[in-house]
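Shown next as structure tokens: one chain only, the form predicted on its own.
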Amino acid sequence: MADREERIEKIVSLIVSNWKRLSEDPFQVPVGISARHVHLTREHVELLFGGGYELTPYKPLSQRGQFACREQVSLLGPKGCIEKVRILGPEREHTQVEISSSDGRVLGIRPPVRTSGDIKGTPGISLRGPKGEITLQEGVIAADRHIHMTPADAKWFKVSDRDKVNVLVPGDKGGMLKQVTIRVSDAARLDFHVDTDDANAFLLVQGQWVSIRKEESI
């Protein structure tokens, strides 16, 4: 009985705190910090890990159906190497490597800022796994700042898919993050994705709440 009452108390406290926060600013979104990672095709999974190999889910991600895998690879650039880079599932139609600009300096690559999946004309890189190595002719990007949301969320925030908005970050090193892309999907969960460079610059932490500000209002 005591455990049940304690759980109820925690739930009520969470509801009250969220209600207070949203009543002060109803246009807030939670932060999701995205570290360097790799998306692989079926062909490349087998080349790196062996024929018939299946990726092993490690933990779910914020977006439905996506997950971090136990498997990791090394990134081999013209100037350096980054080891133990996590693979994210499920498998994709095209292999893609998402790194920060800081990672790019280590590797000797200048990743362009792109929306995930937009890899045409991007730099290549080599990947090394336990069973093999592959060289990509393109596929390295620095992911754009973006906010995942459902159509209902988009209606609430008065935005549309591919709109650009600003995001206001509170705190000692807070400020305005601009050129944030809205990505609307029925399967989405509300989440503001930034890479580790942005997170470090603004002292952002996972799960922190920040505020959407439409560009014309700034």
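Numbering starts at 1 and runs along the sequence shown. Predicted, not measured: the structure shown is a model, and the values here were computed from it.
This next part talks about the form predicted together with another copy of the chain, which is not shown.
K.L.:
Please pick out the stretch from 41-49, 58-66, 147-155, 189-197 that is in contact with another copy of the chain in the predicted complex, where contact means heavy atoms within 4.5 Å.
P.N.:
Heavy-atom contact with the partner occurs in 189-197.
K.L.:
With the partner left out here, check for me: in the predicted complex, does some heavy atom of T115 sit within 4.5 Å of another copy of the chain?
P.N.:
Residue-level check for T115: no, no contact with another copy of the chain.
K.L.:
Is there any non-hydrogen atom of S101 lying within 4.5 Å of another copy of the chain in the predicted complex?
P.N.:
Result yes; S101 sits at the interface with another copy of the chain in the predicted complex.
K.L.:
Please determine whether P26 contacts another copy of the chain in the predicted complex, using a 4.5 Å cut-off between heavy atoms.
P.N.:
Contact check for P26: no, nothing within 4.5 Å of another copy of the chain in the predicted complex.
K.L.:
How about G175: is it within 4.5 Å of another copy of the chain in the predicted complex, going by heavy atoms?
P.N.:
Looking in the predicted complex, residue contacts with another copy of the chain include G175, since a heavy atom lies within 4.5 Å.
K.L.:
Could you spot which one of R86, K131, R105, H94 gets a heavy atom to within 4.5 Å of another copy of the chain in the predicted complex?
P.N.:
Contact with another copy of the chain in the predicted complex is made by R105 alone.
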